[in-house]
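Heads up, the chain below is alone and in the form predicted alone; it's given as structure tokens.
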Amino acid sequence: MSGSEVDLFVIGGGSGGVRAARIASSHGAKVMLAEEFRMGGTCVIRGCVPKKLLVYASRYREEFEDAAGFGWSREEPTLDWSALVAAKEREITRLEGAYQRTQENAGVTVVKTRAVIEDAQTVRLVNTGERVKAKHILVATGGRPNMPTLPGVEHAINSNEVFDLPTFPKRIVIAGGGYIAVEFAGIFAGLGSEVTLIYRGENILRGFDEDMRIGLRDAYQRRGIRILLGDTFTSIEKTADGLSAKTAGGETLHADQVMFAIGRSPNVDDLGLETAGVALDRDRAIIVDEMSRTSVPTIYAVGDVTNRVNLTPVAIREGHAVADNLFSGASITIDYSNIPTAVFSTPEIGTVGLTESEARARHRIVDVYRANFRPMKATLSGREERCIMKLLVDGETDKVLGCHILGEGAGEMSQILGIVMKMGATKADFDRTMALHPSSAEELVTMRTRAARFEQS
């Protein structure tokens, strides 16, 4: 059966898709959006939003402990896991409704169904069989968690399923060394679990600055998180009291839950992309140009499904740009440099710009400024805690190339630093800025002594 005709058909109701749909509609385009699960996508439903709520929850236990150092008397607090999960669910349900209403108020037609591309300008709605003709199609279906192939893997969970566990795991083993695995290790440790983090690499958080990697690993170990490096699972078995996981290094790990957070893959299966002629790369990500256009000129893709920079704000910016370019006559490309990012571990990491290894590879002279100190809060709480800050500076131009922070509020600081670095700030600009005292952030403008200089011949 034939059906509607639209200017833009969006597949996927996540951050990139809903932004593109709303902006396109504001330009006068007729827009239809298909979402087969829940509006909001990975970020709202099973990613950054619920995960950040759990991060907040996980930090209260240490806050309660620290309060005694500031004169507060307290009773031993207890965690009601089911109440936390229910509160999280209420919030994402509220956000899902807000996403739905925003689309409807913008004039976007939302259909709750899977959509399959049949050709360059035709989409089929799986639930009804209706075919929709579209001048342009946008794929914004995000990614999905990877799971390994090994005996007993069916007993494990992934990073989608962890949010709705019926009972709290007193012992959990998490496989992976990226930010998702690291964040959940911190979450469950803070909530009171016995946590083991297992990763095949030489250190956690590959791709981050080395000082941040070492600093967080050390902080996690001080918090009681066991970190097994250079090791992987070989099998998982169900036992009378939980799970037993064996590793290539000869370890046997006993846990209530085993969770895999070993990366994500573009969500492209069964969308009809190959049939329509859309080219994919070796990792099955959709190949796009600087305008987010695929190998089929009428089909576009944004967000994690393209495997460019897999961050929610990036998907939003990409989706907005596609809508503006298609329906307002703009010609916008995305600048992917100096994107502020955070790892919501405890302590958390905030970072903008180049790592030290990247800076040294790209610039002839690199000056390194570093501060490592005990934050003021820890002096009364008695907690063994360090804050690390690092500036990387071009030794020839004085331009700040990278800024990395490990400590409380690092993510919030990195957002502001993103603006500063986008404007091309120099180390002299930092030095001229008056410090805000007492604060951890003042260290960013008081680092005068160069820790190291690296100069290529």
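Counting begins at 1, following the sequence as shown. Here the structure is a predicted model, which means the values were calculated and not measured.
The protein also exists as the form predicted together with flavin-adenine dinucleotide (FAD); that form is not presented, and the subsequent description refers to it.
Participant: Can you pick out, from Gly224, Gly107, Pro313, Pro151, the residue that has a heavy atom within 4.5 Å of flavin-adenine dinucleotide (FAD) in the model of the complex?
Facilitator: Exactly one residue meets the criterion: Pro313.
Participant: Have a look at Asp394, Glu408, Glu36, Glu62 for me and say which one sits with a heavy atom within 4.5 Å of flavin-adenine dinucleotide (FAD) in the model of the complex.
Facilitator: Only one option qualifies, and that one is Glu36.
Participant: Where, among 285 to 293, 376 to 384, 71 to 79, 298 to 306, do residues come within 4.5 Å of flavin-adenine dinucleotide (FAD) in the model of the complex by heavy atom distance?
Facilitator: So the stretch in question is 298 to 306.
Participant: At 4.5 angstroms, heavy atoms only, are Cys43, Lys51 and Arg114 all close to flavin-adenine dinucleotide (FAD) in the model of the complex?
Facilitator: Result yes, every residue of the spot touches flavin-adenine dinucleotide (FAD).
Participant: Do Thr346 and flavin-adenine dinucleotide (FAD) share at least one heavy atom pair within 4.5 Å in the model of the complex?
Facilitator: No, Thr346 is distant from the partner.
Participant: At the 4.5 Å heavy atom threshold, is Ile137 in contact with flavin-adenine dinucleotide (FAD) in the model of the complex?
Facilitator: Flag for Ile137 set to no.
Participant: Check His320 for me: does it contact flavin-adenine dinucleotide (FAD) in the model of the complex (non-hydrogen atoms, 4.5 angstroms)?
Facilitator: Answer no; every heavy atom of His320 is more than 4.5 Å from flavin-adenine dinucleotide (FAD) in the model of the complex.
Participant: Please tell me whether any heavy atom belonging to Gln100 falls inside 4.5 Å of a heavy atom of flavin-adenine dinucleotide (FAD), as the geometry stands in the model of the complex.
Facilitator: Output for Gln100 is no: heavy atoms all beyond 4.5 Å of flavin-adenine dinucleotide (FAD).
Participant: Heavy atoms within 4.5 Å of flavin-adenine dinucleotide (FAD) in the model of the complex is the criterion; list the residues of 254 to 285 that meet it.
Facilitator: In sequence order, Arg264, Asn267, Leu271 come within 4.5 Å of the partner.
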